[in-house]
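Next up: the same protein chain in two forms, each one alone, written as structure tokens (structure 1, then structure 2).
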Structure 1
């Protein structure tokens, strides 16, 4: 009975998750290419692609940039601003909650391509961009944001896109805390900061680590936003691993090498995911 109910789901998981992962692992062990002799008759080369990647400065730098992008935009930016927004929306003294929440939710419904084009226009160099026009009005010299500060710009944009998801998760978790606990803490003399630190945060540990798990996975796979805005440039400053995989797989036609890079990224994300799950299980 149980297998009958789970059967369709298991088939879909096998077709669209297990199958592609297994095929990617097989490709990573070959010299498969999209053109030339490696396209028709790929050869098994074992761990050669992994050796090349782990000794490649370009790949290791792309992994470092991916870590920087995840840490500052997801773990720091989205977490802190999403938590702040959630706390404000749970306060009875805050007015215009609908307008405030709607403004934060708006980036979540904007397609990635549309968001990329909008930010490209806003960050355009000289007097063409909205940001530079605003800065020029207050006496700040206009900048070429995507050329002079590309990674910082991408971090801000990705943070902007992810605040809504963090806010939804944290607001639901905070509202699930019993009011009796909060009132008892206030009666014992605890202020708002102590209540948040010693009661709210420990009780929403599970949702926090669930958010960190999901946002780490989604941020590690961000491609369209970066590709449309910088294409990994200038000078490779924003070449994260997703861009590296795309370039080597479909621009340089090294499908085996690109598959190996994707498998390495998958292993890293799995390790981070298991770490988050383990930390979420710690009793408080």
Structure 2
């Protein structure tokens, strides 16, 4: 009975999600390419691809850039702004919460490609670009943001995109704090800041950590947002690992190497994922 009901789902997942993981490991041990004379006779080359990647400045830099991207946009940006929004909108006397919440939600709910397009205009070079015009008011010279500060621009965009996710997770957590506790603290003379630091924050440590894990994982796999705007350029400055994998697999068609890079990325993500699954302690 169970097999019949659950079977098809498991088959689909096994075939299209789990299967590729195994196949990636297999491919990573070969020198499979799709162009050039080697393409007709792929060979088993063992761990050669891994050796090459781990000594490749390009690949290591892409990991570094991914780390930079994750740290600044997710761990710092989304966390801080999301927390700010959550604190200001939960258990507070602010009116029109729905309106503010809805506005903040917008960047997260639109498709990736639309978010990129919107920012293409914001960051447009010259005096007419929206960001440039705004900064002109405080006397900053107009810049071609995506050419001169591409990583910083993308960090801002990804932060913008993920604030709502953080906000929602923290809102839910803060909602769970007993009002009596906060009342008691107020009676004891604690101001808003003290309440946040000594009561709220410690109580939502769990959800905070879960959020950080989850957003690290999802930010590591961001592809479309970056590819649409910069393709990893200029000069590779925004080539994070997901783009490195795509470039080597679908521009140079070095599938063996691309698979090895995929496996490395998988290992990192799965370690984080396992931690998340353990800690989430979700009721089965």
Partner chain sequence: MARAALRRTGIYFVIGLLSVFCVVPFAWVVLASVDKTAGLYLELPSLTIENFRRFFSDPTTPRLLFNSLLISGGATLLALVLALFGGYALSRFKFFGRRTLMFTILLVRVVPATATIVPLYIMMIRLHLNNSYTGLILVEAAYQLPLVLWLMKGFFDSIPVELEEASWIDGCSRLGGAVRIVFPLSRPGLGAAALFTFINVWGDFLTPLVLLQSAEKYPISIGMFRAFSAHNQVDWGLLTATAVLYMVPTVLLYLFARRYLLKATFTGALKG
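Positions refer to the first chain, counted from 1. In this text, rigid core is short for the largest set of C-alphas that superpose within 1.5 Å between two forms. Quick caveat, the model's predicted, so the values are computed rather than measured.
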TODO: Can you spot the form predicted together with the partner chain among structures 1 and 2?
DONE: 2
Open item on the list: Could you check, with the core superposed, whether the Cα atom of residue 111 shifts 2 Å or more between the two structures?
Closed with: no
Open item on the list: Taking the rigid core as the reference frame, tell me whether residue 149 has a CA displacement of 2 angstroms or more between the two structures.
Closed with: no
Open item on the list: Does residue 88 shift between the two structures by 2 angstroms or more at the C-alpha, the core having been superposed?
Closed with: no
Open item on the list: If the core is used for the superposition, what shift in Å does the C-alpha of residue 273 show between the two structures?
Closed with: 4.5
Task: Once the two forms are fitted on their core, CA shift of residue 190 between the two structures in Å - done: 2.7
